[in-house]
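This document opens with one chain alone, in structure tokens, the form predicted on its own.
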């Protein structure tokens, strides 16, 4: 006789959850790769939870001595400046939800060690840290379990992920299934589903990789805080080739520049410059770079203006955090109480009872 699997029903209104680590200044890669998705998602019929993953930052930046409080507030100021709306989504800081580390501990007891060990991101990040003479920690190894705690504490239904995070999300789903199988009498965990976002690759200005300070230095990145002069200087210094040849494929440096133009400029501008390359026109790359810099500036300047307004001040962000963390902690405490009852920690569950 088989026991019927215990499966949590989805929430009446789907919960969508996503976050960013505060490990550096916000740049166009963060904007197009994540924040723009937040803005789109908050307009859907979902309950959206967007957070700053400051605990996760310690997995790779512990030795960098980042002021995580200041860095988190700054990330949230940029969230607001870009258009994330606290009236449409709960915006919070991971470490403000004191229950999350407890979820992390409990879930680690049922997390599949073999699957965690096979995570390709751990292998890549640990190898990178070793080349930089940085300590590889248990926290980095167990990153997927903390990510699972972020997702499962609120019974999130939907998690926007890129291809590199699908493996982590599947571990969270496996942990949810294990919990429901072994426990699940007072509380069931929803198995989160991936929302596969369109992969937006924001190329850097140096080399062939994505926009990242760690792979190309500050000249590889356009920060949302850059001045028009800084933007122009970085873009004009970007690598090109000697000129297009009709019938020949576009070189990688030019592919990168055209991808940037497509992201920041109207489609007719992109098509115009694409045609100029296809016909083999010479000596227009300077104009192309000028167009990229001008449209980047036009995109960023209004965001900067909002960032420096009272609505995006550090004081305003703290007010939002105070209000939202109280709401998110109620969700966390309710679900944690159910877990503690299931796992026979009744004395702790009583402390969380309303």
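Predicted model only: the values in this text are computed from it and were never measured. Residue numbers count along the first chain shown, from 1.
Although not depicted, the form predicted together with adenosine-5'-tetraphosphate (AQP) is the subject of the following passage.
- Considering adenosine-5'-tetraphosphate (AQP) in the predicted complex, the lone stretch of 321-329, 308-316, 30-38, 287-295 in range is 30-38 [heavy atom distance within 4.5 Å].
- Residue in contact with adenosine-5'-tetraphosphate (AQP) in the predicted complex (any heavy atom within 4.5 Å), chosen from 253, 101, 228, 162: 162.
- Interface residue among 211, 145, 152, 76 relative to adenosine-5'-tetraphosphate (AQP) in the predicted complex, by the heavy atom within 4.5 Å criterion: 211.
- Shown alone here, residue 200 lies within 4.5 Å of adenosine-5'-tetraphosphate (AQP) in the predicted complex, counting heavy atoms only.
- Taking the partner from the other structure, adenosine-5'-tetraphosphate (AQP) in the predicted complex has a heavy atom within 4.5 Å of a heavy atom of residue 20.
- adenosine-5'-tetraphosphate (AQP) in the predicted complex comes within 4.5 Å of no heavy atom belonging to residue 177.
- Taking non-hydrogen atoms only, residue 232 never approaches adenosine-5'-tetraphosphate (AQP) to within 4.5 angstroms in the predicted complex.
- Residues of 93-127 placing a heavy atom within 4.5 Å of adenosine-5'-tetraphosphate (AQP) in the predicted complex: 125 alone.
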